[in-house]
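The chain below stands alone and is given in structure tokens; this is the form predicted on its own.
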């Protein structure tokens, strides 16, 4: 009997667990470790943040699902990784610390034959002074954060109804932040909600981002065909901001958030600030802080994890100029070079380089997005890694498909307002995610499979996907028919 241990139960870890368990059956063990008792469909947190949904509509308890499927579940956080075992334990193992209320702090060691690191990110609010729900800004990174943000939005709207003008600042709260898409969605849902509540005229709405230009989204932007012309996503995005009356600040690294204002540095070195009453700024991400030790007890963390805390996998991490990176440098199987039975997927793996060109201010501050590694691509890599491990456990001689972001497309529906008849969403498809200028020298992507459109149909698709993915995550009948 082999044991597959999965650290994390977000989109990456949960998807891998469902597929591996389905393929392995009860003859082998699938064990999941997560500090959270609830599964969260994170893309819908933005709707919680404007009061259109409650936290219980975007979450559900994990344990009943795993009990039904025969998956072992530990509500705990992984603290140390021992890929060679030690003198007392010959098998590789992970040390975990319980986060379950009845046993908080209890330490346990779990042996494994195969390991998937799907721990996701640590929300690194402290990287920016004053950032985060514990200080001077709001977040939609978790369902709880989003509910707090919704309550604050309600209070702000009440002040506006009494005649007060309010400034909303929404975007990224650090020069190396990723997930611009989530902030983009929240921005336009707030704008739509203010119109719906009749107070839009009392609001100044400003977007702030580390992107080089609107529409970059950490992917270097994209080209699409519109009206017979090839148009950059910057034009498409700027027109939407102008249409909705939203101001924007790009090429900016937020460095201080206080009660009434936000200070930032721009790429040209200028330091400035903006007064803001309501601030929703996303943090930078880092790894969760796993430590690793070899059989003798020596610390080998630096050989398995990048300085960011994300795990090295089968990509090319050679230091070289941005223009010398190639699509083939991106990982295929998310397998660690030193220990072939360890994989890292989703946000947990270290990207070999940025997709957007790295840029630095005169003072050396990095101001550019790090690569997005969420949503559909995460689900696909989780499925393919699960299949690869299952094939090894069952002794099947089948070639692994791989899931390189340089050979994978992605579909994204970005909500820009919730309403059955007046809602809108931006529907986007991009192929490949990492631009390939060797194959597509003019645009980096195949324009036959790359497009963007906004409208009511996108809103309905987004809404249906919410229910579809919750259904899939609960492993209900025929869940495998819903694609990643």
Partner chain sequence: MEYDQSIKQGYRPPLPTGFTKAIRTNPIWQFFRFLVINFKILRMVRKH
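Just so we're clear, the structure is a prediction, and the values are computed from it rather than from any experiment. Residue numbers count along the first chain shown, from 1.
Same protein, other form: the form predicted in complex with its partner chain, not shown, and the subject of what follows.
- Screening 153-161, 137-145, 353-361, 272-280 for residues having heavy atoms within 4.5 Å of its partner chain in the predicted bound form returns a single hit, 272-280.
- Its partner chain is not drawn, but in the predicted bound form it has no heavy atom within 4.5 Å of residue 442.
- Though the partner is left out of this view, residue 296 does not reach within 4.5 Å of its partner chain in the predicted bound form, counting heavy atoms only.
- Taking the partner from elsewhere, residue 243 is found to have a heavy atom lying within 4.5 Å of its partner chain in the predicted bound form.
- The closest non-hydrogen atom of residue 165 lies beyond 4.5 Å of its partner chain in the predicted bound form.
- The putative spot formed by 235, 247 and 421 is fully lined by its partner chain in the predicted bound form; each residue has a non-hydrogen atom within 4.5 angstroms of it.
- Think of it this way: in the predicted bound form, its partner chain has a heavy atom of just one of 239, 103, 79, 324 within 4.5 Å, and the residue is 239.
- This chain is drawn without its partner chain; in the predicted bound form, the residue among 454, 38, 69, 31 with a heavy atom within 4.5 Å of it is 454.
- Taking its partner chain as positioned in the predicted bound form, the residues of 407-422 that bring a heavy atom within 4.5 Å of it are, in sequence order, 407, 408, 409, 410, 411, 413, 421, 422.
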